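Here's a solo chain for you in structure tokens, the form predicted on its own.
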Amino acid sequence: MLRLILAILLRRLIVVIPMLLVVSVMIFVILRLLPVDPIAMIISPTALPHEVEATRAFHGLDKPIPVQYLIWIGNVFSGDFGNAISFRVSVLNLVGETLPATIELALFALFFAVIIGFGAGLYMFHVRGTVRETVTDVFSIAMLSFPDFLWALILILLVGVQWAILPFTGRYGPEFIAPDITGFIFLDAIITADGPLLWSALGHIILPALALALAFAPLIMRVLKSSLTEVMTEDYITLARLRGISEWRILLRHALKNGVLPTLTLVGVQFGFLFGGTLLVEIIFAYPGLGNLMVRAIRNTDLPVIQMAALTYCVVVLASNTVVDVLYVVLNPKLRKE
């Protein structure tokens, strides 16, 4: 099994490296072709022409685009991802400070989406052939029509403002000073045994994670229901019924093992979109993650930050797909034999 997993990872790595290079070229060239001047965003309006040119040369923007890219990619391979033009700090530090927050948000959203999606999907399958099936189908379609930012506004209005149950801004309460250990607030709170900080962080992440989860869960519901409906027509299910095994036991112990595989693939593929969808939700909830940083960088036309954030999103999507491939092989005996 370990050799099989390593083989999958090696094949993925062979594909991922050239793919990242191609993506980096596309992002770099497109950003340089935009009709904007990042230097104009940071230099004084009264600066003289030679001062503008000196600043442009300092940031390497006076060279041809191919030369700029070769310099940048050479620095990347040496561990230097450059400095932000407007933030005036290392791009790697900026991304390193904000990425853990977005990863935590995406993982919590995935957890909520899986719980809601699997629970509702099993119920939708259970009520098939009844009047309730039509109701659940209409309900799931209605949920699909609501984008994540609309769920965010609804949750803020109801849970945050009307009922005032949960906070809806920031990553934790302003009375806390987060320890600087790993960047992951929950892990840092556990390491330092800071219960109040852990509880505050949990309260702050629930609403944005739910906003993302409620937009993602309907897909899981419908795919799981369809997969189980197809699996329940297989011969081994019929044999299990003939042996007198109850329907719930057949569903949970036999059908779900095979029916969950297409759903798992969906979760892995959609996780990349969910991770990218954090951008709007982070803005709405003033959540200090990578999406929030991306928007600030776009406002300031900070090209190094934009391209680094875009590449980070790409890496996360590729990594999530790789994890799904490994899990798919682990859970599917047929693929292991092949």
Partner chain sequence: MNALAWRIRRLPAPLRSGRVLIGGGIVLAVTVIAIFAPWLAPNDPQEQDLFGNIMPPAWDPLGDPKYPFGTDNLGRCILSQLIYGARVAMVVAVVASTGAMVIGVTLAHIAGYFGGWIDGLITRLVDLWMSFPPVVLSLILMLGLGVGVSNVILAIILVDWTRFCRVVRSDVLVVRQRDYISAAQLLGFGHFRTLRREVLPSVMPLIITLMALEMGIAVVVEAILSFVGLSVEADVSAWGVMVADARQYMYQSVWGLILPIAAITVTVMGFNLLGDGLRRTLDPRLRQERHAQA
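This is a predicted model, so every value here is computed, not measured. Residue numbers count along the first chain shown, from 1.
If you look for the form predicted in complex with the partner chain, you will not find it shown, but the lines that follow are about it.
Asker: Within 4.5 Å, heavy atoms only, which of I181, I190, V89, L144 is in contact with the partner chain in the predicted complex?
Answerer: Only one option qualifies, and that one is L144.
Asker: Just to be sure I understand the contacts: of L153, V76, I115, I165, which is the one whose heavy atoms reach within 4.5 angstroms of the partner chain in the predicted complex?
Answerer: Checking each option against the partner chain in the predicted complex, the one that comes within 4.5 Å is L153.
Asker: Taking 4.5 angstroms as the cut-off for heavy atoms, does V138 touch the partner chain in the predicted complex?
Answerer: So V138 counts as contacting the partner chain.
Asker: With the partner left out here, check for me: in the predicted complex, does some heavy atom of A57 sit within 4.5 Å of the partner chain?
Answerer: No.
Asker: According to a 4.5 angstroms non-hydrogen atom cut-off, is L318 in contact with the partner chain in the predicted complex?
Answerer: L318 belongs to the contact set for the partner chain.
Asker: So, in the predicted complex, is L33 in contact with the partner chain at a 4.5 angstroms heavy atom limit?
Answerer: Although the partner chain is absent here, L33 would touch it in the predicted complex, with heavy atoms inside 4.5 Å.
Asker: Quick one: V23, L157 and A310 and the partner chain in the predicted complex, is every residue within 4.5 Å by at least one heavy atom?
Answerer: Yes: V23, L157 and A310 each sit within 4.5 Å of the partner chain in the predicted complex.
Asker: Which residues, if any, of 60 to 75 lie within 4.5 Å of the partner chain in the predicted complex when only heavy atoms count?
Answerer: Heavy-atom contacts to the partner chain in the predicted complex: nothing from 60 to 75.
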